[in-house]
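Below sits a lone chain in structure tokens, taken as the form predicted on its own.
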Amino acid sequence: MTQESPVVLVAGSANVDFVVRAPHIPAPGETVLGGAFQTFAGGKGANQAVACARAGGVATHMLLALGEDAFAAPIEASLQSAGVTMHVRRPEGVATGSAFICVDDQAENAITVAPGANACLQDADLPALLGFSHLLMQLEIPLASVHAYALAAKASGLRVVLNAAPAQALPIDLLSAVDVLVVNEGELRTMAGMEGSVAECLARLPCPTVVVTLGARGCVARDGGTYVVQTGFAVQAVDTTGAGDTFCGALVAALAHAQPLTEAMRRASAAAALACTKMGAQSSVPTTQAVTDFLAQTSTHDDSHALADLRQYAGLT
């Protein structure tokens, strides 16, 4: 690795996803007769690493933990296919993480995760940080490890990006080490501890830059005292699984390439939209060229009404 080219390190979870289609997501106590069943490589960390490399076109490494079982192989194959360099820990006697996902006819999903080996990543597992420009993490590995990695990266001069998902209370010194915080709307309100508008919640968080994804509406960021708004791209959604992870990976890759936040959010939004058009998490991540082509096709469309609606929804008007 050299300082001339950006290199992103992702530290996070890797799962095998068991996905079933169903007319709707079951309510408590309800049994639903489903349709097609498939397995995919997944996990927020691995999804984001694939997105960094494939959709973002940036050199990407990943710290992950896998079991010594058959479920580890497809995850490693997927990461390798995307060009991700792996730093794998294999805790003895622990299974590879898994996720059980129901996708309904509206492309929405419900997910239950069994962490398995992901829960075994420790402070000492972090590789040497020389040569990395950014560290990207999520909250599907132990919080103590996320905390330790963030402080180590900050001390080494890396930009720290945290996707605070699943949402939970975070120590103030961890948040103080985060340069860019990425959340969805529910996670934003959990982190802010209030039910106010998007803008009000963004203002309560101490990180220098906070980006909130708002599904098909688009995304909004507070960058210091400035707000950035990006409307969503209309696509025919098939499966939204992994769309948020694709957004995170593509966003960090663009930032690593020194693109301004406005352009990074635009590319990330396009990549996430394209990810919704295919089944699976990592299998749906588009290539850099596909994102570029998609943006070229939509670059002349300036939907001022959608922009005004998004600003109003976020409480910016």
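Start at 1 and count along the sequence shown; that's the residue number. This structure is a prediction, so every number in the text was calculated from the model and none was measured.
Quick note: we don't show the form predicted together with ligand RIB, though the next part is all about it.
The contact residue chosen from A199, L126, V113, V228 relative to ligand RIB in the model of the complex is V113, the criterion being a non-hydrogen atom within 4.5 angstroms.
Residues of just one listed stretch (52-60, 268-276, 26-34, 39-47) have heavy atoms within 4.5 Å of ligand RIB in the model of the complex: 39-47. Within this chain, T241 lines the site of ligand RIB in the model of the complex, having a heavy atom no more than 4.5 Å away. A99 belongs to the set of residues with a heavy atom inside 4.5 Å of ligand RIB in the model of the complex. Residue contact with ligand RIB in the model of the complex: L64 places no heavy atom within 4.5 Å of it. When ligand RIB is considered in the model of the complex, C248 lies well away from it, no heavy atom lying within 4.5 Å. Contacts between 11-38 and ligand RIB, taken as any heavy atom within 4.5 Å in the model of the complex, involve N15, D17.
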